[in-house]
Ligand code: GDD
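Taking the form predicted on its own, here's one chain by itself in structure tokens.
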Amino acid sequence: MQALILAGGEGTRLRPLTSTMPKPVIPLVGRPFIGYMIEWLRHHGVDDVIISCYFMADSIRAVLGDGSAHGVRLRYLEEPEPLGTGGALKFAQDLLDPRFFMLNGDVLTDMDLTEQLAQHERTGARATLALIAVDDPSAYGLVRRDLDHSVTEFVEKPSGGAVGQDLINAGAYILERNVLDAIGPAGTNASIEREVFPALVGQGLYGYASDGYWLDIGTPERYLQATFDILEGIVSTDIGRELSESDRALADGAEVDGMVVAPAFVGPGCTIAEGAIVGGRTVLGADVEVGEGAHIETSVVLDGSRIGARTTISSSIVGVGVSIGEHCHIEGGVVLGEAVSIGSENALAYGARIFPGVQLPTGAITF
């Protein structure tokens, strides 16, 4: 089975992390984010994956390679300009099989694609949309179905009248190749959600209601939530199963003189000094240095960063190669971009975002 993953967006809501790194390969608990999607697809019989790229496409290719490390054949298709979801699909038409999965590349999920495919075959559908129930569908729009699972309507801005109809488009589709006939020529900018699917209502469009885990990781808050859910095994992943076998704390290849509190993931080459505490719900990338008496919780610290003695970090994201001095306090949704340097005795909070390469001298920000 084949899958097309749309991964061309710039990930603007995740800046400054995505200022220097494309969102599909941002590390998430020790591996590139899109690696979880490939792993999920592989478990459901997909062995041929096409990634449709635009923003920093070379960086995605450099990290993921030919797919052999993930157990699949991996190919790349670079859009000449942003074409929208429907335009990206049409641009890929020469590579596509008669039937294939199409997926938005910014979702962490463990939905049952095998059962979605089985329903697609039973109904003789041209397109089957995975649907998921959410507490507040207003940010997504609703998809309504008939008793035979055929889609009857899309509701863009649901109101009180849609109570009990809480299924949204989960961004995972099974498509017959003839769906592409509804899109203009290659190079056309089109939306599959707003243009193609509404035109298919009554013409072979079905919805599959999944009860699996689903999360769009497009913001720092959701990136942290995805991290916590992987650590705690709320979403089914290979790394989550490894954590389960290790009492929810992995620190292979790390030098730990302090304490690691589960759930936590500590990458290879990390050093955690005496008196330092890492966890719970914390991830350290490779080669992170944590100074004496430092305390990191509910946070992510990416590769090669250095955390000074007696510094505290909570509910924040520290980018690649960041240096933080002693006696700093970083909390409340702070995001530090790549190679940021924070001098000693600084305090950052309230969702502050510091962009790559910025240097703050000692005591520059306090509260």
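Don't overthink the numbering: it's just position in the shown sequence, from 1. The structure displayed is predicted, hence computed values, not measured ones.
The following text describes the form predicted together with the named molecule, which does not appear among the structures shown.
Heavy atoms of residue 100 never reach within 4.5 Å of the named molecule in the predicted complex, leaving it off the interface.
A residue is said to contact a partner when one of its heavy atoms sits within 4.5 Å of a partner heavy atom; residue 196 fails this definition for the named molecule in the predicted complex, lying far away. Proximity of residue 82 to the named molecule in the predicted complex: non-hydrogen atoms within 4.5 Å are present. Residue contact check for residue 184: none of its heavy atoms lie within 4.5 Å of the named molecule in the predicted complex.
Here is the short version: of 109, 271, 237, 169, the single residue with a heavy atom within 4.5 Å of the named molecule in the predicted complex is 169. Contact with the named molecule in the predicted complex, judged by any heavy atom within 4.5 Å, is made by just one of 154, 213, 76, 228: 154. The partner is not drawn, yet in the predicted complex one stretch among 281 to 289, 240 to 248, 82 to 90, 116 to 124 has residues with heavy atoms inside 4.5 Å of the named molecule: 82 to 90. With contact defined as any non-hydrogen atom lying within 4.5 angstroms of the named molecule in the predicted complex, the contacting residues in 1 to 36 are 6, 7, 8, 9, 13, 23, given in sequence order.
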